[in-house]
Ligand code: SAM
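Taking the form predicted alone, here's one chain by itself in structure tokens.
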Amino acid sequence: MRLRNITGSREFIAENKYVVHEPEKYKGCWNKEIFENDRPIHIEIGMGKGRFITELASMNPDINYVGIEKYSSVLLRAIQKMEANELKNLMFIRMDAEYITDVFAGDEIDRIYLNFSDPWPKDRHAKRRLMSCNFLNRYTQIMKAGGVLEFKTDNRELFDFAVDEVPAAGWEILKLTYDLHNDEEMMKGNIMTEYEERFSAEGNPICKYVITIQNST
């Protein structure tokens, strides 16, 4: 179901208290000015309707979460979840991930989640993939030492591309599976997104890796 053109979604988001407006103003001071604490910050890029990050935030009140989504009509669904169950440790941004380094400073983010990201299947669009070297280099600029990135997809071709990009971008693989739901160790604590639930029900294996920046200390 396409949700990109719901009338009034942009106006609703522009006035919503759960959305950080002009987020670049808070670069380097998210803990101090947005969350008013010194807890770790985890972000999900391309959060869709917010099921994954909302469940994470509910389960982990000692962690601050930021959900990033560029489509207003999709972000609207996540906001509706928050209105039904307000969480003090979760905020949203409507933006394109291309500008991530304008919003967060170095050593500000502890963990990044990428779930069922747009595959951008044409070769000429490879740099737009959120797990490409192009984006991994951006994430390096905002991650704390020892920070990690988790990526899940049912698209094996995209996953193979992502795995190949890891060493080239100066990251290293900590964990990897080509069949998440049959991997007992990596399934511990797994939260399914809407896409994951649907794709796995159709019999599609879910691939996942956990990576960190090489030589981080």
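The model shown is predicted, which means the values in this text are computed figures rather than measured ones. Note that residue numbering begins at 1 and tracks the sequence as displayed.
The protein also exists as the form predicted together with the ligand; that form is not presented, and the subsequent description refers to it.
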Query raised in the report: Can all three of Y26, I34 and Q141 be found with a heavy atom no more than 4.5 Å from the ligand in the predicted bound form?
Result: no
Report summary line: Interface check vs the ligand in the predicted bound form: of I112, A78, M91, A97, the one with a heavy atom inside 4.5 Å is A97
Query - Of D107, D102, D118, E86, the one that lies within 4.5 Å of the ligand in the predicted bound form (heavy atoms) - result: D118
Query raised in the report: Which one of these stretches, 35 to 43, 56 to 64, 187 to 195, 165 to 173, sits within 4.5 Å of the ligand in the predicted bound form when only heavy atoms are counted?
Result: 187 to 195
Query - Contact of M47 with the ligand in the predicted bound form (heavy atom, 4.5 Å) - result: yes
Query raised in the report: Heavy atoms within 4.5 Å of the ligand in the predicted bound form: does K70 have any?
Result: yes
Requested in this report: Give a yes or no for V74: in the predicted bound form, does one of its heavy atoms lie within 4.5 Å of a heavy atom belonging to the ligand?
Outcome: yes
Query raised in the report: Is there a heavy atom of L130 no more than 4.5 Å from a heavy atom of the ligand in the predicted bound form?
Result: yes
Query - Sequence-ordered list of residues in 164 to 182 near the ligand in the predicted bound form, where near means a heavy atom within 4.5 Å - result: none
